[in-house]
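Presented as structure tokens, the chain that follows is alone, the form predicted alone.
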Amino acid sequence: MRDPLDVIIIGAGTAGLSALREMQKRTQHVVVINDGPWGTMCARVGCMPSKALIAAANAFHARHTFGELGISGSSGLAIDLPAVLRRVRALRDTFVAGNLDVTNALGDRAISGRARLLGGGRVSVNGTELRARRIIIATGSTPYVPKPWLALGERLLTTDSLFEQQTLPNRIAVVGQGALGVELALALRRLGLDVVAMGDGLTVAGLTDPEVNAVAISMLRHELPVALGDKAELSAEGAGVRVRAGRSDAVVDRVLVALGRRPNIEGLGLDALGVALDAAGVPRVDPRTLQVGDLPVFLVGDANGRSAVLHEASDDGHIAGLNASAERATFWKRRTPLAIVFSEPTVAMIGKKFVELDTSQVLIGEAHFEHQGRARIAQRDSGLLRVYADRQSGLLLGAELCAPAGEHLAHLLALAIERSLTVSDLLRMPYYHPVFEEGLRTALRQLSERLPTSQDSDLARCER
């Protein structure tokens, strides 16, 4: 290998592989160092296996609607949890395999081992020092588990261990009601397990709009017990675990800890870079360049603690790859913020969140789905969409929702915000009937009636 290398990439997750793709367009003098399993967190233990589990759970849960549709015999359906989990792992392995093809092709330029920074252009791994013109740090993240709870051993589950289970016990507590906690608590309940959910905050799934949050909590509580606002306390109880949070007290077989993830930076040697670190031990990173100060070092993906979603991690790697191969870093505009939680109804946040708004300068339009035509037909007639627009110009600013087909509504809104569309612009789009998107039109028309630029028709005038 060349000494110095052009780039060392530490970490072979989504961000690291995205950076590698950019670097390989320009040089082959690249080394990837990875500590632990190869194949990305998303494919192994994150986005993909969780959605495979959710798909099985929602399919089994649909039996409750069969009678109203005139379909009999649903009481004879049963779930085979070992078979469900085998399918999850089989699908997971195919997703992982695609990523492994990329790193396997590197040969001896893919190094398994724990890297440690020795300075701005030096890295130690397996007792060997490597030097490079640029370093990209993409070490990912690890599920956070409070240290006292570790004594419970295998009675604790995280996403790193959940999908490796051959089967699941009947009684499970899910501690943490962020995006992942909400998704998995609901999925496990829909698979027929006895589930209790707990969160120390008063919001769920990352929502900040109080109206949408109330709908999401109501949706969850319709299917399982949810205790919010108190920290959970865990203790051994025979072969199980006693879980207490406020007035909630349950004994379960396993506890799924979903308290978020922490950057994998322990022992990485970030202090050797000679820059200030925050309370979490992470240096300041410009999200437009991913560069650490003016050093030839880039910190990307979950490792920088900015946004733990795949498309942002992929963009991080892409930007770092471009800048690490250039003499000067380019500033890149980031995409419209978009977060989706695969609950039912779907939770999503697009553009500016409610908590980020100056409410004196904003109008809010909303749509309820209890009486929306397509939602009633599909037996998905619950949920709320709230859309935020500038009160003078009608420019779309953001939205939060807990609504059926929310992932599609979210992408439509993200596109509109990205293109700087106004309420009037989006109302000029055709809305087929009957579709869930008619709910969005309802919210937009509500906004339009209150805007100073309101017109008599959604249609644009044309010349004769």
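What you see is a predicted model, and the numbers here were worked out from it, not measured in a lab. A residue's number is simply how far along the shown sequence it sits, counting from 1.
From this point on, the text means the form predicted in complex with another copy of the chain, which you will not see here.
S.K.: Taking another copy of the chain as it sits in the model of the complex, is residue 279 in contact with it (heavy atom to heavy atom, 4.5 Å or less)?
M.R.: Taking the distances in the model of the complex, the answer for residue 279 is no, it never comes within 4.5 Å of another copy of the chain.
S.K.: Residue 73: heavy atom within 4.5 Å of another copy of the chain in the model of the complex?
M.R.: Looking in the model of the complex, residue contacts with another copy of the chain include residue 73, since a heavy atom lies within 4.5 Å.
S.K.: Indicate whether residue 45 is a 4.5 Å heavy atom neighbour of another copy of the chain in the model of the complex.
M.R.: Residue-level check for residue 45: no, no contact with another copy of the chain.
S.K.: Does another copy of the chain get within 4.5 angstroms of any non-hydrogen atom of residue 342 in the model of the complex?
M.R.: Yes, residue 342 lies within 4.5 Å of another copy of the chain in the model of the complex.
S.K.: Specify the contacting stretch among 140-148, 324-332, 387-395, 105-113, defined as having any heavy atom within 4.5 Å of another copy of the chain in the model of the complex.
M.R.: That would be 324-332.
S.K.: Heavy atom within 4.5 Å of another copy of the chain in the model of the complex: which of 91, 295, 125, 156?
M.R.: Answer to the contact question: 91.
S.K.: Which pick from 80, 249, 164, 266 sits with a heavy atom within 4.5 Å of another copy of the chain in the model of the complex?
M.R.: Residue within 4.5 Å of the partner: 80.
S.K.: Honest question, do 55, 87 and 459 all end up within 4.5 Å of another copy of the chain in the model of the complex by heavy atom distance?
M.R.: Spot residues vs another copy of the chain: full contact, yes.
S.K.: Out of 372-393, which residues reach within 4.5 Å of another copy of the chain in the model of the complex, heavy atoms considered?
M.R.: The stretch touches the partner through 373, 374, 376, 377, 379.
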